[in-house]
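Only one chain comes next, encoded as structure tokens, the form predicted on its own.
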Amino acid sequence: MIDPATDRVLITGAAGAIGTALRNGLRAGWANLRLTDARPIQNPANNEEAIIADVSDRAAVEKLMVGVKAVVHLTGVGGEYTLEDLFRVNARGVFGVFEAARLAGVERIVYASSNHAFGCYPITENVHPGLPPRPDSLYGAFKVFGETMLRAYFDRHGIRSVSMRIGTYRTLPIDQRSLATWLSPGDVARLVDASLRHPDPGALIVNGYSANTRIKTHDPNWGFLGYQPLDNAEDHVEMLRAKGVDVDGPWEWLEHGGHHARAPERKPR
């Protein structure tokens, strides 16, 4: 059990968009937050300790883990990245954080995985976290790597974890697909809060979405976790329609991963 009144929680990637939303949602209920990012972290509150560090620096990561009971690992490269950076941060960095957490006696890890871990499933298939992964890219494959490591760390070392297969994190939905996959700033904080507070999640995988009317997944493990999303992308349909987004026609994508499932893999550069 992680105690929000006494236990220290480390958040990696705390300067990013999700990290910022998470700080806003957690700081009132969690007394000891340690924040880290390779970039400066703006305006830390009295209960937030900010440390600049790179997750690929193993010595720095080990120092971050001192006195930590739970880790929320958000750091990762996405969007415009080189394959070398993808491996350095999303594979080697994940191993470094998880192994340093194990050596420090951390009891809980909450991991920012991705719906690209199952992105090659046809959109007509009502997928759920119990199905085998079908990553739609190397990005998705490295997210599966993190999930698999956490399974091993639970079975071998008893570290409880929640892997959040995050969909489209934005302030508002941005396209037709995000009407199914949107995760709002408020709901990402609710999801992480539930992941930290659950007494024994085992090595759980959950879909990281808001309560969207058009959600395409089945049995996302929310009931077991106690996650209760409050936002719904459907509330923003008129906004998207006004921007010219086709929200009424047939579904645009053939797979759950959207365009990722059919995009050519990047070349190293």
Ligand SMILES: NC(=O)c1ccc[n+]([C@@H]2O[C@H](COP(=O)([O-])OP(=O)(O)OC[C@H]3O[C@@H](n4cnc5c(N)ncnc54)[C@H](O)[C@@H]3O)[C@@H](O)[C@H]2O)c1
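Computed from a predicted structure; not experimentally measured. Each residue number is its position in the shown sequence, starting from 1.
FYI, the form predicted together with the ligand isn't displayed, but the following is about it.
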In the predicted bound form, the residue from L179, L74, L191, I109 that sits within 4.5 Å of the ligand by heavy atoms: L74
The unique member of V247, A261, I18, V9 whose heavy atoms fall within 4.5 Å of the ligand in the predicted bound form: I18
Touches the ligand in the predicted bound form: A53 (any heavy atom, 4.5 Å): yes
Y169, heavy atom within 4.5 angstroms of the ligand in the predicted bound form: yes
Partner contact for Y139 in the predicted bound form: the ligand, 4.5 angstroms, heavy atom: yes
is_contact(S114, the ligand) in the predicted bound form, heavy atom dist at most 4.5 Å: yes
Candidate stretches 230-238, 54-62, 209-217, 26-34 - the one whose heavy atoms come within 4.5 Å of the ligand in the predicted bound form: 54-62
Heavy atom within 4.5 Å of the ligand in the predicted bound form - qualifying residues of 90-105: none
